[in-house]
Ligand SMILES: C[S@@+](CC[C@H](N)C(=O)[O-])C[C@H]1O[C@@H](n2cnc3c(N)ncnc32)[C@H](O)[C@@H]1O
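Just one chain is shown here, as structure tokens, and it is the form predicted on its own.
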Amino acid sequence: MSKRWFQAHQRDTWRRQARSKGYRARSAFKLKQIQEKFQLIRPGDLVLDVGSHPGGWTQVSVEETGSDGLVIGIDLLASAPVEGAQMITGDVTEKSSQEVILELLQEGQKVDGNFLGEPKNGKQRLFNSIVSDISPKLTGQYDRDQAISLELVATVFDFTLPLLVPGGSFVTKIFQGTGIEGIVNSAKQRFSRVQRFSPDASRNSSSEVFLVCKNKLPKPKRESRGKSVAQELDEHLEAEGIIQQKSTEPEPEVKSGFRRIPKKE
């Protein structure tokens, strides 16, 4: 850790404000600024917070949904309980974690025991808003980190979109750079309004930007029907020459071994 970084960290006004207002991380102000501009979350909403650790975005979501709402947060890292929310420790891309989310969504219960009512007509309850500040483990290699980040965002899209009501909203962190248009274009096939937004609370040195998607369409536009976001991302990256198209031909069998050399008499 460099001395310069430490000094900047200590002078960080958002960090100080977060501490004074009881938020667990400065990133809480990113969601507050997104909410102030776009009004994504309303009282009584059901919200899924992906990549929730340490809980700053979950705290803001609980504030916005109020006592009649439901907030579920999930992250690989365990977080201390957030009053008014259900916290899950797990990987959102794994089936076991996804099943827990579906069960909590179906039950419609908050951690304080207040029951929000049975799903109507036995149908699966759906989220009104999905917020994601998720980030992959970075390697320090830009191209590789960018690819990993895009793939993670695509995976979150593909799992969570079926759980989002028509007209619902989705916001995710994404990093500016190669391939980002693949995610943006795919989002535009599924939402009527898609916009990139950089909150003041983001660090000046960061390339992060938030993709704000409003009014989910009842069905994707025609050219995206039958395709996942991950598939469309791969197609975009292939068209841009960023990745090579995967061959459908079977790889030739390569035989290897040692050749026995006869001993000279």
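Residue numbers here begin at 1 and follow the sequence given. Because the structure is a prediction, the values reported are computed rather than measured.
Unshown form predicted in complex with the ligand; subsequent notes refer to it.
S.K.: Here the chain is shown alone; which of 76, 138, 184, 126 has a heavy atom within 4.5 Å of the ligand in the predicted bound form?
M.R.: Result of the distance check: 76.
S.K.: Could you work out which of 101, 161, 174, 152 is the residue within 4.5 angstroms of the ligand in the predicted bound form, going by heavy atoms?
M.R.: Only one option qualifies, and that one is 152.
S.K.: Counting only non-hydrogen atoms and a 4.5 angstroms cut-off, does residue 53 reach the ligand in the predicted bound form?
M.R.: Within the cut-off, so yes.
S.K.: Indicate whether residue 167 is a 4.5 Å heavy atom neighbour of the ligand in the predicted bound form.
M.R.: Residue-level check for residue 167: no, no contact with the ligand.
S.K.: Given that the partner is absent here, does residue 145 sit within 4.5 Å of the ligand in the predicted bound form, heavy atoms only?
M.R.: Looking in the predicted bound form, residue contacts with the ligand do not include residue 145, since no heavy atom lies within 4.5 Å.
S.K.: Report yes if any heavy atom of residue 134 sits within 4.5 Å of a heavy atom of the ligand in the predicted bound form; otherwise report no.
M.R.: Yes - in the predicted bound form, heavy atoms of residue 134 and the ligand come within 4.5 Å of each other.
S.K.: Looking at heavy atoms inside 4.5 Å, which stretch does the ligand contact in the predicted bound form, given the options 215 to 223, 40 to 48, 24 to 32, 194 to 202?
M.R.: Single hit among the candidates: 24 to 32.
S.K.: Scan 78 to 93 and write down, in order along the chain, each residue with a heavy atom lying within 4.5 Å of the ligand in the predicted bound form.
M.R.: Heavy-atom contacts within 4.5 Å come from 90, 91, 92, 93.
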